[in-house]
Ligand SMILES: Cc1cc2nc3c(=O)[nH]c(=O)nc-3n(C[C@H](O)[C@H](O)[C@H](O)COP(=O)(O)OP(=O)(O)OC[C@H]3O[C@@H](n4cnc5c(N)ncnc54)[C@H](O)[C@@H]3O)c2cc1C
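Let's start with one chain on its own, the form predicted on its own, as structure tokens.
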Amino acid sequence: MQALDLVLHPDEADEAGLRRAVARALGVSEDRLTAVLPQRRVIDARRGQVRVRYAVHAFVDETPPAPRNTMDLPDLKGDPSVVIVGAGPAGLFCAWQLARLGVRSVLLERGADVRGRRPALARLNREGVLDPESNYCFGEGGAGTFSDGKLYTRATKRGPVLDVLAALVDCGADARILYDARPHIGTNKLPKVVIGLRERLIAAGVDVRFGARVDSLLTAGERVTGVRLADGSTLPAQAVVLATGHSARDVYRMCHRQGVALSAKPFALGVRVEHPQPIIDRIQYGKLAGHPNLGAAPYSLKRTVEAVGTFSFCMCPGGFIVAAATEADGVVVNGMSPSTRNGRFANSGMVVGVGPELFGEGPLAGLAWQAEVERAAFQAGGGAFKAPAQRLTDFLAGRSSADLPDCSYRPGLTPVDLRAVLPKPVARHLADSLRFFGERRMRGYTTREAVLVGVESRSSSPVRIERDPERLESPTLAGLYPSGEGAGFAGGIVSAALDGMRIAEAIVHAR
């Protein structure tokens, strides 16, 4: 095996072109290459010259290694001893890692399975009617299932990232996620991957239940002993994992009511900004915009002024904006892309960091403030989950929009002045940074064709469910293990999955 680093023009940045480039670099004929295995692929558009950088392992006249299968699980026996609340990435991978370690669990999800979620999403988009238990945030796979499965993470020190990615590939994801610098699965493919993971867990003996909302924890003294479901039934457990995601506000309230240690946590709030994708392509790739080997261009922006950060979040090339509300009186937006990223629009969260100086003290203060902003957005939109929106140029000019450009958000838009919806400090920092980004970072970004859609309020949890840094269990309720984004210990699909795996190992270690 020989390791190579290559820099290619986009014309060569496909499978055939890469193979030719490897043979050329090694000075061998292509027919002697038994395998070319990319390890890393990065599109580099710096300095106005677009190139694609590869790190590859090349095999000449030798047999390449067989791919490993991470989804071989033992046949689990006995009664489940661990209850996992929430079937998002933290919960699913906690159950997976427990299974690998020989421990059987019960995985509880308040919402429906993937197929059962689809009718609820269709009704929300077409009729503006929300199912509070099955929506874009609640249900099998969590909020990530009907997103594009962004897998980029900086959490490389938290655990085996490649194990998570390999497991997703074994369950049906494209193998390119193993080496792409910005890997994603695609909203059209991720549901099948989630189903594949669930089927493997069930086959091993994991008990997976849907429509099973947990309303309270069972305790004895200062130890958790199980959970009580909304239907009144109970499940005993030696350990309970809370992996519920950061939209389950009732879980935070339940924990607060039952004396579980919580603290307020800074988070971010703002809008979704959407452009026609060709505008972003031209800004990023210049004359190579639209090149088939480059695809839809992404972007990443950040700026800190007065110790306040404004940054792009969950950028979706060729994607669309969705209604991510979980409560009947609040508007929340999020973004996603299909695997091809071939939609007409590019959208990104554009959010401002907020903390107790805005929302006050107390562990649930940020939660209440967040919900208040979402209710203001609902009222400004006029109901039925229509979102308040404004042309980017009008927002910067401080005037209302007389009309709005086409937008991918299905429930519909209502033209408003977003400065009247967003908290004043958020609106001020947002306007200043958007102007800076358009003038200094991405010329052409500021255009009447761009629209701001409110509000992007669920970028991260406003609450942390505290845990001991070594044992990873609650300091006030032994046997309770907070995990993932909802507990305030992760920031995406991969980091949440890794955190779930860490929790599994801590549970086994504590036995």
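Predicted, not measured: the structure shown is a model, and the values here were computed from it. Don't overthink the numbering: it's just position in the shown sequence, from 1.
A second form of this protein, the form predicted in complex with the ligand, is not displayed here; the remarks below concern that form.
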Next item on the list: Considering the ligand in the predicted bound form, find the one stretch among 166 to 174, 332 to 340, 362 to 370, 377 to 385 with heavy atoms no farther than 4.5 Å from it.
Entry: 332 to 340
Check: Is there a heavy atom of N347 no more than 4.5 Å from a heavy atom of the ligand in the predicted bound form?
Finding: no
Next item on the list: Using the partner position in the predicted bound form, report whether I503 sits within 4.5 Å of the ligand, counting heavy atoms only.
Entry: no
Notebook entry, point to check: Closest heavy atom of S147 to the ligand in the predicted bound form, within 4.5 Å or not?
Noted result: yes
Next item on the list: Considering only heavy atoms, tell me if G319 and the ligand come within 4.5 Å of each other in the predicted bound form.
Entry: no
Next item on the list: Name the single residue among K265, H429, R213, R104 that comes within 4.5 Å of the ligand in the predicted bound form, judging by heavy atoms.
Entry: R213
Notebook entry, point to check: If we check the ligand in the predicted bound form, which of the residues in 160 to 182 reach within 4.5 angstroms of it by a non-hydrogen atom?
Noted result: none
